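Consider the single chain below, provided in structure tokens and representing the form predicted alone.
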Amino acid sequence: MGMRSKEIRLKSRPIGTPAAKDFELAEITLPDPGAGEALVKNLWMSVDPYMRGRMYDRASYVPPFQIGEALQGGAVGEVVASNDPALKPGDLVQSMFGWREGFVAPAASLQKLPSGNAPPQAYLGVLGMPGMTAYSGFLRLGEPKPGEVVFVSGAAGAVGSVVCQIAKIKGCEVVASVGADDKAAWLKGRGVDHVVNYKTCGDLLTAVRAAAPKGIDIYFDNVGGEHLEVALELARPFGRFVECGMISQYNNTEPTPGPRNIIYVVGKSLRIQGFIVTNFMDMQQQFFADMSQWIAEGRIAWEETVEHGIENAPTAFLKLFSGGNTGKMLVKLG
């Protein structure tokens, strides 16, 4: 008798902001692993903003989720049984088979976690895709130099919080935008120079201008919308805009008007470039080396927001769009 596994499936394609009714919980019996396969029990799974894009039925950099099938996403699990010499029971592995309690998959599709000091769930956050996104986008496209002013939106999230800390390591002055006072306090405790609460600061442009009176050299964008307009207004000549995400627009049912002040791109000689983390996989070894060292030195810390149980994975996902997470949003399984 195979292991039982609960999973979350996409029930309907969300229109606007996703709702609980767009997801369904199902239970299956897993097959025994065949040759070259392993049976894995998931311990942690990740929910990330990019998953919203996969809920539309459209071509993108990752294929869309299918109705009636289990969703996919980053997960860390423990090998229960293996028919491949590369893995043995008890090994911890990273996979894209999240949103389920267990699975059977080819051992070649699983990444064995290095034995280190970091907790396993860190490989879904600061040592995983969000950390790599922050590291590669900020360093490769931002090209930070000591003394430059960096503006980060969504600065308390899994990506933004790492960008802020790397910017400080690189000798930059950091202005961060967040939506809650406890998030602001955490970033200040990590050495961030100025933090703006965009929900309570009144006029965002006035608040960011007060924090960065000389203007900004690098804008790391996780939010888009009004934040992007403010960054264009305050950008210094030859500023670099690292376009990582625009979560303010992921649930829009109509196209949003573009930044009204995009004309600044010309007169200020700005560079605006979007990226996907997979563009920069050539940086992965350097990322692991640098990030592991910075963590060991106490120069990078991270926050986690944890929901418990597979049935609460949709709740965890929906909280990403209301700012209900500080740092990495995770679901602890089992």
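Keep in mind that what you see is a predicted model, and the values were worked out from it rather than measured. Residue numbers here begin at 1 and follow the sequence given.
Beyond the structure shown, there is the form predicted in complex with another copy of the chain, which is absent from this document and is the topic of what follows.
- Look at 260 to 268, 209 to 217, 130 to 138, 81 to 89: in the predicted complex, residues with non-hydrogen atoms within 4.5 angstroms of another copy of the chain sit in 260 to 268.
- In the predicted complex, another copy of the chain stays beyond 4.5 Å of every heavy atom belonging to Asn197.
- Proximity of Pro255 to another copy of the chain in the predicted complex falls within the 4.5 Å heavy atom cutoff.
- Although the partner is absent here, Phe275 lies within 4.5 Å of another copy of the chain in the predicted complex, judged by heavy atoms.
- Taking non-hydrogen atoms only, Cys172 never approaches another copy of the chain to within 4.5 angstroms in the predicted complex.
- Proximity to another copy of the chain in the predicted complex, defined as a heavy atom within 4.5 Å, singles out one entry of Gly245, Gly142, Gly125, Gly73, which is Gly245.
- Shown without its partner, this chain lists Val150, Leu228, Leu187, Val93 as candidates; in the predicted complex, only Leu228 has a non-hydrogen atom within 4.5 angstroms of another copy of the chain.
- Taking a 4.5 Å heavy atom cutoff to another copy of the chain in the predicted complex, the one contacting residue in 35 to 66 is Tyr61.
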